[in-house]
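Given next, in structure tokens, is a single chain: the form predicted on its own.
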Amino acid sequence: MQGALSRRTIGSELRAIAMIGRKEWTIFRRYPSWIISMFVWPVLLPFGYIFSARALGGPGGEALATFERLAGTSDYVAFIVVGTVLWMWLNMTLWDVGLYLRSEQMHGTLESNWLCPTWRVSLMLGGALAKLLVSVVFLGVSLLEFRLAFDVHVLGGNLGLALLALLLTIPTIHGIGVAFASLVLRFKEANAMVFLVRGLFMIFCGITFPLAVLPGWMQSVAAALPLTYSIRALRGAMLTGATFEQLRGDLLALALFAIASPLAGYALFAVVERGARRRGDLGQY
């Protein structure tokens, strides 16, 4: 074992990550219902919010002027679409990346994988790689379906800044997923934690409403959540064509979260992993 560890290289870790990602992608393709859900949820979930907003806007759109003043755009459908798609992405990451180690544990394969001569975090990165591919497909399907169902044009505006915000969001969300997976591995419970975390993001990040309507203390909480900046930056870039100067603050915050979130997730993972080895509870249900 010691000799194998001494031969561990960056190349070997990348091959391990790629193989784990391939394994997870193969499993995903074996369940058609998972694939079907990617075409159903992107449109089904926002329906309630969109029709509620249409009702609250009044028969002739009397309230749209107030909404535009608070949100910076009168296109409330596209406004809701951007928020809900990012929230669904976070939700998928919490369930998939966050439950990866727990799934391995329940399948009885976690302990044997833990003994492999590879970095333990590579197990997480391999699982996250497959989920990232699923997320890219999900985002593409979402944009296409909203274009067909609601005639929503979210690919206008400043696409370069929108892509930059999206790229900064990827490590942020997956860092949250790694941290979440560590907690699930420790406490052996996922459902209640997923509902709590995604509920907090739903309430505080302005998924379906402008943050300006929140009380001051709730806006302070929103300022500590990375999804707040992702949503605001993407809405500004895609819906209003905001410039870099206008989005500088949000993009800077996203850049900081893109660095801090994976580091914090890895640090928590290392602490939980040491504790699990010390207690010998990796294989406990």
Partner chain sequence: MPPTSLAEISWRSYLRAALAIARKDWIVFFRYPMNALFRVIEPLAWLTPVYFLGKSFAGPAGNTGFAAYTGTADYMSFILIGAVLANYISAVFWGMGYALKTEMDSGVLESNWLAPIPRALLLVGQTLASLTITTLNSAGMLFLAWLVFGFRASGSLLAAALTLAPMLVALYGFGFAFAALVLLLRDANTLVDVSNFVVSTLSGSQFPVQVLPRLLLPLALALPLTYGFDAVRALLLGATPLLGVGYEIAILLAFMAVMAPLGYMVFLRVERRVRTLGTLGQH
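Given the structure is predicted, the values throughout are model-derived calculations rather than measurements. Numbering follows the first chain given and starts at 1.
Heads up, the form predicted together with its partner chain isn't pictured, but that's what we're talking about next.
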item: Heavy atom of residue 138 within 4.5 Å of its partner chain in the predicted complex; value: no
item: Interface membership of residue 221, its partner chain in the predicted complex, 4.5 Å heavy atom rule; value: no
item: Close approach of residue 240 to its partner chain in the predicted complex, 4.5 Å, heavy atom; value: no
item: Proximity of residue 225 to its partner chain in the predicted complex, heavy atoms at 4.5 Å; value: no
item: Site check 37, 41 and 198: each within 4.5 Å of its partner chain in the predicted complex by heavy atom; value: yes
item: Contact segment among 116-124, 140-148, 198-206, 173-181, judged by heavy atoms lying within 4.5 Å of its partner chain in the predicted complex; value: 198-206
item: Neighbours of its partner chain in the predicted complex among 42-70 [non-hydrogen atom within 4.5 angstroms]; value: 44, 45, 47, 48, 49, 51, 52, 53, 54, 55, 56, 57, 58, 59, 62, 63, 64, 66, 67, 70
